[in-house]
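Given as structure tokens, the chain that follows is alone and in the form predicted on its own.
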């Protein structure tokens, strides 16, 4: 108890307030080159031809790379994202080529000399349109992710929802949606890469998961792990956004090609437009409830707009499916979750990704149920709360339920009077 309940100095506080903390964007090395990338200006396009001859001869250019220069052109937790675009680009801003030059201006001048011919293709932006028959295809295999390679639906089932609806006095339906959201960290994505004296590729990275990124990028570079060193440090804002790779791969490739240190630092505009985001969701609830406030059945349809590549979207869908029904004991439950691809930025993580977006929808739905049967919003949560030992929505016993005690604490802090019935309740059966 030396620290709990006490005000103690932050271990990094002095460095922050004096400006002495070093971030990746502060790392500087002699002869360091600057990286800039050519990005696709369309939501979806075919690259018919690309001519980099003049760009490679531009003053100050040390290297220019396209997909043909990448040892393994796939990366991410689900490795289906292209480091540099293949024939078909899938989202506006996708990287096509990268330059390492002596200055930012020299790099941008070289990119302007790349001659590229596009055929603009029809994109699909709306996830609900993307699942319809005949919709433009984001990926060769279609717009729906196939769970376990066999089904477009991730299902959770308990009891019999149709029987549960028959027991209900009221049926309440609701549709809820959430938008895209950008993290907007103070320090934008940045990497500094170089080859050290032993021949090891060293990357100063903003990655929130260094070991995830290291294994992923060893595959991209086709290097053994003992030839790839990641240097972490203070992150100038992440919020989940730095769980995805934005600059490490390209900075590393250019450092290997040039033998010089390379910095790839996104501008604020690039960060806002082209880094991974919290992608949109759509939730449809159908609940049956008795007059006494007991939820007799719940059906939930979930649609996750994953963007153009899987990235962390699949992990978010799996978490969401497990928790979308909330902290409620519902004996008859059906959850159908779908993940759809659209021509937008790929899905990344963001503060509780996959969970809090669903809980927003579920909590609003609970309030609607309470109004339907004429009880208070806090009462309906007491009535349906999990107890220790109850099976959760996937059938696993809950080891330490705390919803009831949390509700009692919230009521006390907010000055809400609870009846003796709810004050006496406990999560322990």
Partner chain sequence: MSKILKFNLNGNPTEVKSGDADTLLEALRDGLGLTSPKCGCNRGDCGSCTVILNGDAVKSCTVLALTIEGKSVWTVDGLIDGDKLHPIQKAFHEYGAPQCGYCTPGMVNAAVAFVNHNPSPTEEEVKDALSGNLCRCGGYKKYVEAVMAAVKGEFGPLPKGCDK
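Because the structure is predicted, anything quoted here is derived from the model rather than measured. Definition used throughout: the rigid core is the maximal C-alpha set that superposes within 1.5 Å between two forms. Numbering follows the first chain given and starts at 1.
One more form of this protein, predicted together with the partner chain, exists but is not displayed; see below.
Colleague: Of the options 290, 115, 268, 132, which one has a non-hydrogen atom that comes within 4.5 Å of the partner chain in the predicted bound form?
Modeller: Looking at the other structure, the residue within range turns out to be 268.
Colleague: Between 256, 121, 106, 235, only one gets a heavy atom within 4.5 angstroms of the partner chain in the predicted bound form; which residue is that?
Modeller: Spelling it out, the residue with a heavy atom inside the cut-off is 235.
Colleague: Have a look at 216-224, 292-300, 182-190, 245-253 and name the one stretch with heavy atoms inside 4.5 Å of the partner chain in the predicted bound form.
Modeller: Flagged stretch: 182-190.
Colleague: Give a yes or no for residue 22: in the predicted bound form, does one of its heavy atoms lie within 4.5 Å of a heavy atom belonging to the partner chain?
Modeller: Contact check for residue 22: yes, within 4.5 Å of the partner chain in the predicted bound form.
Colleague: Using a 4.5 angstroms cut-off on non-hydrogen atoms, would residue 165 count as touching the partner chain in the predicted bound form?
Modeller: Answer no; every heavy atom of residue 165 is more than 4.5 Å from the partner chain in the predicted bound form.
Colleague: If we define contact as a non-hydrogen atom of the residue within 4.5 angstroms of the partner, is residue 69 a contact of the partner chain in the predicted bound form?
Modeller: No, no contact at 4.5 Å.
Colleague: Taking the partner chain as it sits in the predicted bound form, is residue 421 in contact with it (heavy atom to heavy atom, 4.5 Å or less)?
Modeller: It does not: once the partner chain is placed as it appears in the predicted bound form, residue 421 has no heavy atom within 4.5 Å of it.
Colleague: Quick one: which residues from 1-37 get a non-hydrogen atom within 4.5 Å of the partner chain in the predicted bound form?
Modeller: 7, 9, 10, 13, 14, 16, 17, 18, 19, 20, 21, 22, 23, 25, 26, in sequence order.
Colleague: Can we say the CA of residue 405 moves by at least 2 Å between the shown form and the other one when the core is superposed?
Modeller: After core superposition, the C-alpha of residue 405 moves less than 2 Å between the shown form and the other one.
Colleague: Once the two forms are fit on the core, has residue 415 moved its CA by at least 2 Å between the shown form and the other one?
Modeller: No, the C-alpha moves less than 2 Å.
Colleague: So that I can tell if residue 8 moves, could you say whether its C-alpha shifts by at least 2 Å between the shown form and the other one after the core superposition?
Modeller: Yes, the C-alpha moves 2 Å or more.
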